[in-house]
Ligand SMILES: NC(=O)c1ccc[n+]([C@@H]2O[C@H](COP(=O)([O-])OP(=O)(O)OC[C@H]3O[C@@H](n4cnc5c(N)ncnc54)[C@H](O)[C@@H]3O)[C@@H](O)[C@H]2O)c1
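Here we start with a single chain on its own, the form predicted on its own, put down as structure tokens.
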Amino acid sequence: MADKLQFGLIGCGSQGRFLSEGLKMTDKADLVACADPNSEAAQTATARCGYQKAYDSAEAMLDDAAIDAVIVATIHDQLQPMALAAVKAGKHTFVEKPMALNASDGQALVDSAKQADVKLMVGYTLRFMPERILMKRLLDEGAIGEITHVSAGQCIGFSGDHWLNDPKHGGGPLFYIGSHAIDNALWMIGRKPTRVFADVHRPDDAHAEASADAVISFEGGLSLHACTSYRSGCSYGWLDIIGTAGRMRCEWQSRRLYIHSQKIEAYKQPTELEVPLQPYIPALPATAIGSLAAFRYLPMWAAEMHEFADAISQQREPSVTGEDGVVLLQVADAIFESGRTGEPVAI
């Protein structure tokens, strides 16, 4: 490999461009090639992100471009087939969440990446938010004792009549935003989910679910209450964890962490912390620039890309693995099935 990793992009919409900007900020990669059937989107990625060449298909790029790794940031139903093409071409692959539309397809992607001996990482950005990193560290240190109850959610207003509301394309709040909240809770809990009982509100079969509420049971008698919705009048996300020795809470779009701990003297009274970016995610170079529209999240996307590049260079597994993505999809499969049948579903 060259001194820097040679990267390609499949899917040149806004998310693909934001991830590319984050990667560029790390100074760990050259942005070599991008691919999108929409030529205007591909040309925008070359102009804004600095990709050297644009292709009208992923297949053409994978056949022609000299690249080590690929970012896949397509609409949801194209994530798995495009990532599968990349790993089969021998490319390390960062695939946006939810990675696939069901656990079977997700596992097929994991298996193909192992067979090709390439790294596979799934884009769950909440794991790279400083307040969530600190929460995880405090949990692992036993700050609130044994976890007894967890509530997590991600809600947003109606997405409109485009692919994000079309079930054929993997639209709906569960995959769009709820997958972030549930993955984050799974990471914090660190146990195997065993059963799901869910209420899925679906006004009509032509559109995706409007909301999903679920109770997810885990080994050891712990339950996660999860909620995701397009029915909210505001954008709101939260993670609330209660334990035998206190509780912690953080909210989406805030770097604040609330902690009340009987184990740590500094937090024996309810405390709210403003958590800085450093030392929790890598510092960006002073020359780093990016889109103003995404300034709030670019440090976290850069941290994701930093982790993926390091996993490749250090020949180790990334911190968010394909297997993690499959567990989320197992939960999602169970939520949809329980919502359909009105019965609990074992995982």
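Heads up: residue numbers just count along the shown sequence, starting at 1. Here the structure is a predicted model, which is why all the values come from computation and not from measurement.
From this point on, the text means the form predicted together with the ligand, which you will not see here.
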*Complete contact of G16, H76 and H180 with the ligand in the model of the complex (any heavy atom, 4.5 Å)*: yes
*Which of these stretches, 230-238, 191-199, 92-100, 267-275, has heavy atoms within 4.5 Å of the ligand in the model of the complex?*
92-100
*Work out which of M82, L139, A113, A185 lies within 4.5 Å of the ligand in the model of the complex, going by heavy atoms.*
M82
_Contacting member of L328, I335, L23, I10, with respect to the ligand in the model of the complex [4.5 Å, heavy atom]_ = I10
*Does at least one non-hydrogen atom of F218 fall within 4.5 angstroms of the ligand in the model of the complex?*
no
*Quick one: does P37 come within 4.5 Å of the ligand in the model of the complex, counting heavy atoms only?*
yes
*asked:* Quick check on F158: any heavy atom within 4.5 Å of the ligand in the model of the complex?
replied: no
*Indicate whether the ligand has at least one heavy atom within 4.5 Å of a heavy atom of W163 in the model of the complex.*
yes
*Quick one: which residues from 115-133 get a non-hydrogen atom within 4.5 Å of the ligand in the model of the complex?*
G123, T125
